[in-house]
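In structure tokens, one chain follows: the form predicted alone.
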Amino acid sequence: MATKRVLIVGGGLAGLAATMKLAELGIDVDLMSLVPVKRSHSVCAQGGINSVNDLTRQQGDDEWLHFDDTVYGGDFLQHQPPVKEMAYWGPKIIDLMDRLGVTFNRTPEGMLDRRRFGGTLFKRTAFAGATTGQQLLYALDEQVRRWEAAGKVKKYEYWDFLGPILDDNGICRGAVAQDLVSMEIRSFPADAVVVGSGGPGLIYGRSTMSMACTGSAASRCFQSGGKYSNGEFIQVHPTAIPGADKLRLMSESARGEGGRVWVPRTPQDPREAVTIPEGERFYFLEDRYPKYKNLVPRDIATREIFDICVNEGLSVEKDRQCVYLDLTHIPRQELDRKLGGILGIYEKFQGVDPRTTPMKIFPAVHYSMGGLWVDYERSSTGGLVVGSPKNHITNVPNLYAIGECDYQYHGANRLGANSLLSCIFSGLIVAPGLENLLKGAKQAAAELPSSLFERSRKQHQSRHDALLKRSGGGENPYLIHQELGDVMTKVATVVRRNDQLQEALGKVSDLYARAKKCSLSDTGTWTNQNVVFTKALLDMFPLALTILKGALQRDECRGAHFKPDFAFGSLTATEPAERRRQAEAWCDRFEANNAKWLKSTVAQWTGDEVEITYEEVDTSLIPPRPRLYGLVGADDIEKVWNQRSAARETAQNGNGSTAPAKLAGAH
């Protein structure tokens, strides 16, 4: 009898965590990665990983507040049971990684050190200098190597996942993949396939993501019938340094350790930054958001930096948009101990020492909150049923998604340092569900007729051969990719406008048609990167169209999705009665907008276009409320909202004994 196996696609934190846990449960795993697992994009994560801890508990923090900050930061667009479960697992995950040898920074007393990240008032973020992702990845890699030596794990590095294998009933029975060295295409029977392949940043041409982050694996599942949700929610990180090849992240940890964002009050002031007096500096985040200051959530910080440079004309440089990120007031020894990893990156690529000269930064495409649609099973306590095969399964039976390529945890905006937590958590939580799935299977996938697997292999082989045989003289796939990135960056990042989105849909459709006819410069049958890139390029277009169509149809502002025509403004009145009237009207509009748009986008690929429907969001644990973060008039809006919440509670339970939900910042 054949052994049941699980195929995991992606060797980052999510894939490694799932592999480790499955091996512990006695399940054989095939682990497939486009690159060596130690080069997976998780290695680039810098700032830290969130969880409640002993220090924050003393300040009144707990897992419920971490859960609350996460759904509030995501503008309530995520189902709450998975987020609640993740927040409550947070401290256990930090303890696990500590025991596995992660070199977390520690205080002089030997306790894990913590820093603050955006969207919270507590120091929840554990970190290993500014290379936290690398340290977490290496610790999990060690564990997977242990199971590899024991024969429970077989690695396939430098293999490209080409798509799932579906039987006649639409059930996933394995995958087809290609060896990037020999270019061999073969099938992999599997009783479950788990895709943890990261985000689609290369759709935007340049981003903070690795060059391997094309989104092609998720797109290939999407094109095979998997649903894709909330694609329009793309996080633009507020602080990055531009580069000709890519955009390099300057972690939120720089602001978490006291970094300050500012511009000279005089546009394009020619003086050296360190010589400009304090009174002539505009610390605009501190001025506009006095409670959260430089640690407002990323979508807000990004829009403020964009507005300062583009609309207010206060960019530090005339010919390049940028603001200062200033660490020069922090002792050099402290900077090297906590931020050495990112400071070295800046110094290497900019030729300037950020310890003595403020960095010049600007927002960059960074993360996808959306991804493959996945399910879950809710427990009686409002979390997840651990061990349920429904956790993280897509709408395609036996096909799962974890990590950044699922849509489950971050809603409309991801809080910094929640990504590493969600990746490890999703990898750990999927494993016991897979164990029970495999127990219920009547036969192993490897025992199914070989014709099923050979048929799928031949389909992909034919596509590959056709690309290699294509006649010359067609368009260059790399130039088409550049055009795609330019269109996406222009219309679907910080600010979105319907006329531009509509025009972009037409342009991207035209680019898609042109890409289908492009030619290859390399038609060789050994390590052919040209054909691999061309396949990935073609698979970018279904996701690009999903992002654009989802953004066009969503006529509101929510988290990272910002349309000025639908923005809620600040309160302007100074007279108390009129200010109260404005606050009431603001809350009326907020409730009407939620009634229409508090729902997940669910996209399906028809073969040549995207069809979009919507799904209700489970907000049963924490009622949605205005996301304010220090907006002008926030106190008045909060007062009106809390009075309405109290009235609703009274109407529901008849005695008014339950306190209304407080707005963020009130804990």
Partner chain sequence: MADSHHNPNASHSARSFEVRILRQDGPGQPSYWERHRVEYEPEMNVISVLQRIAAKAITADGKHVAPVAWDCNCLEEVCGACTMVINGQVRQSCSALVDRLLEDRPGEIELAPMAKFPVVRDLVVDRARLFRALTKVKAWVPVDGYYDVGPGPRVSPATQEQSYPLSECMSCGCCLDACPQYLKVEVERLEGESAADFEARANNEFDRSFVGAHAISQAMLFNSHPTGATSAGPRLDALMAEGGIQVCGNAQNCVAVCPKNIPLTTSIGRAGRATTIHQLKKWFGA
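Positions refer to the first chain, counted from 1. Values in this document were obtained by computation on a predicted structure and should not be read as measured data.
The discussion below concerns the form predicted in complex with its partner chain, not included here.
- In the predicted bound form, Pro242 approaches its partner chain with a heavy atom inside 4.5 Å.
- Within 4.5 Å of any heavy atom of its partner chain in the predicted bound form lies no heavy atom of Pro331.
- Taking non-hydrogen atoms only, Gln443 never approaches its partner chain to within 4.5 angstroms in the predicted bound form.
- Although the partner is absent here, Thr107 lies within 4.5 Å of its partner chain in the predicted bound form, judged by heavy atoms.
- Between 497-505, 151-159, 367-375, 259-267, the stretch whose residues reach within 4.5 angstroms of its partner chain in the predicted bound form through a non-hydrogen atom is 151-159.
- Shown here without its partner, the chain carries Arg303, Gln408 and Phe562, none of which come within 4.5 Å of its partner chain in the predicted bound form through any heavy atom.
- Of the residues given (Ser451, Asn169, Asn476, Thr275), Asn476 alone sits with a heavy atom within 4.5 Å of its partner chain in the predicted bound form.
- Just one of Pro363, Gly118, Gly215, Gly550 comes within 4.5 Å of its partner chain in the predicted bound form, counting any heavy atom, and that one is Pro363.
- Contact residues in stretch 126-146 (any heavy atom within 4.5 Å of its partner chain, taken in the predicted bound form) are Ala128, Gly129, Ala130, Thr131, Gln134, Gln135, Tyr138, Glu142, Gln143, Arg145, Arg146.
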